[in-house]
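Only one chain comes next, encoded as structure tokens, the form predicted on its own.
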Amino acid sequence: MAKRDLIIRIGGEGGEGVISSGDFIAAACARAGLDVYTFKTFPAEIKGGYAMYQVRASAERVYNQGDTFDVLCVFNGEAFEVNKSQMRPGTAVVYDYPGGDFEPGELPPGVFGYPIPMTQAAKDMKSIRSKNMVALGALSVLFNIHESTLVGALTKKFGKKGKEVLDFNLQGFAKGKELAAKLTKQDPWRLADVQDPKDIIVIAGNDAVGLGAVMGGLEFFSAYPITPATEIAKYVATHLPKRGNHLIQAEDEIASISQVIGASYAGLKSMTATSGPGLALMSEMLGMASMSETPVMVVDVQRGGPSTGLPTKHEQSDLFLAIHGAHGDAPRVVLSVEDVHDCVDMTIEALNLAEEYQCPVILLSDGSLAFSTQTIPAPKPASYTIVNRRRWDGQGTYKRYEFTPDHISPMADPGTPNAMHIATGLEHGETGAPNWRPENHWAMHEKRFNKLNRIVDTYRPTEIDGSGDADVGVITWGSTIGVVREAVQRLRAEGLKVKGFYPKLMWPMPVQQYEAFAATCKKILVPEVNYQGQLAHFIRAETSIKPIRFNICGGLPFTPAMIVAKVKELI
């Protein structure tokens, strides 16, 4: 039978082609018009260790990686053992046998097994590196991964390397098809047939941030490489110079944020990208940007911490740092993305907000979303509004920090006639000259903070998923939103009264919206991927709500089934 939703997981040793195999399947499904959401995890070592790639493809919209797999393809014994406990009746397992490094023995009850001698076939072809091509060929036959779209993805990748390389990989693919055709299919899993073509692209979260930055008018980018944010810099490095703009690889994170502040002071729309350890190093200079009211945008792709922590794993535990990671009272705006589409849209919005409000804006992504690929509508540059900073009109005496009705002062680029001014980390008066009188310090604090007040009213409203009263309201943030969306749909389909609340403006906190939502719910559940319950902490501190924490932090995201089970427990 055809299944509208199919989840395929590939596992094996890092360096065996696990990640590239998943990329090819995702690209093929997208070319076939299916909605795709992927999840991948790999070791921190350069080579070696368990790697996994999961592809969820559907004829309908998908919001997350799913609960578990329907189809498992394992390249070695470790991958088999790691995933064995998740096999359930009906699961299909494709494994490297005979000729691999293990014998699976008796499979769990109700599990369908398909032995494919991937390693042996690759050796016969005189290239062990074609093992994953053999696996792809077998998967295409067994589970209706459309051959034309899969071959198209392979051709696009390997055709650049010459006909010989392409032909060799296609031979491995054909060998896998031949081996699978000899087997008798027993399971029900089959990808949906090709859908109508859509105007979509398939892109990973980090690349989507880079795309949003370029579309948002970015003029200067500086960053120091750090997992899992480096791909943002790679994307920007490829495309920003094409527009005649500037990119620097800095010697460390302190240098990168310093260069971004300097470039912004000089008049350029500027940003950097980092992860938690890098954001921690930037904290002093972010305070400098707050004090000098300089527009800067920072993307923080969160990873497991503290310290080096889990460099390649998923976590959303930098909220404390993003909101309050500064000495003194240092205002900033903090946003959080839900999915790959948000990575495009909200990068543009973050650049706009930094320019409009002349302050640091931190955009939170995470390690799962960084590498996940999704099908999203092809962005249309003309559909976006681009905001640039308010510039001095040349009238009267220029005061860089002039008190205005909306607390935002016009800026002047260095060299503007009659607009010489000082911008330092010292407290200052309207002209920029140092001024540390108590009444001035208070007035400038009010200026810096009050200019952000209208963001709560003017920035995109917080989304409420559902209507009426509910027994449980679920408040969550970041990529966990997609998981909660599906869980709420499942629960309501069972007749349970459940609603969702999905903030993307994390700070300043839209307190009235939180309060209004909570007033319609008997209980408030806050699932988040960190140990301390960081959003729950801010909810307790800033509102009258008493949330119920639900935390995990093992390096993996929530699944919809976990949320469903917790809500039922509360009800």
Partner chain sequence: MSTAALHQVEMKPKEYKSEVSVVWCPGCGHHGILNAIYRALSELGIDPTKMMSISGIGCSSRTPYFIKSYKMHTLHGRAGAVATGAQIARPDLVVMVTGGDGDGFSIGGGHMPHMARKNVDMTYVLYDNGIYGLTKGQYSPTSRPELKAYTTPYGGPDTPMDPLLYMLTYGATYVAQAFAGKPKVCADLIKGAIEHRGFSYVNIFSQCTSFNHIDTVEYYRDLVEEVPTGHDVTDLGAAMALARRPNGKAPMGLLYQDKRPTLVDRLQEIVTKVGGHPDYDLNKIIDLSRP
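Positions refer to the first chain, counted from 1. None of the values given here were measured: they were computed from a predicted structure.
Below, we refer to the form predicted in complex with the partner chain, which is not included among the displayed structures.
- Taken together, 241, 251 and 426 are fully in contact with the partner chain in the predicted bound form: each brings a heavy atom within 4.5 Å.
- The stretch among 130-138, 307-315, 259-267, 469-477 whose residues place heavy atoms within 4.5 Å of the partner chain in the predicted bound form is 259-267.
- At a distance threshold of 4.5 angstroms between non-hydrogen atoms, residue 284 is in contact with the partner chain in the predicted bound form.
- When the partner chain is considered in the predicted bound form, residue 421 lines it closely, a heavy atom lying within 4.5 Å.
- Though the partner is left out of this view, residue 220 does reach within 4.5 Å of the partner chain in the predicted bound form, counting heavy atoms only.
- Interface membership of residue 199, defined by any non-hydrogen atom within 4.5 Å of the partner chain in the predicted bound form, is confirmed.
- Proximity to the partner chain in the predicted bound form, defined as a heavy atom within 4.5 Å, singles out one entry of 170, 183, 111, 255, which is 255.
- Shown without its partner, this chain lists 115, 225, 379, 77 as candidates; in the predicted bound form, only 379 has a non-hydrogen atom within 4.5 angstroms of the partner chain.
- Of the residues in 204-218, those that come within 4.5 Å of the partner chain in the predicted bound form through at least one heavy atom are, in sequence order, 211, 214, 215.
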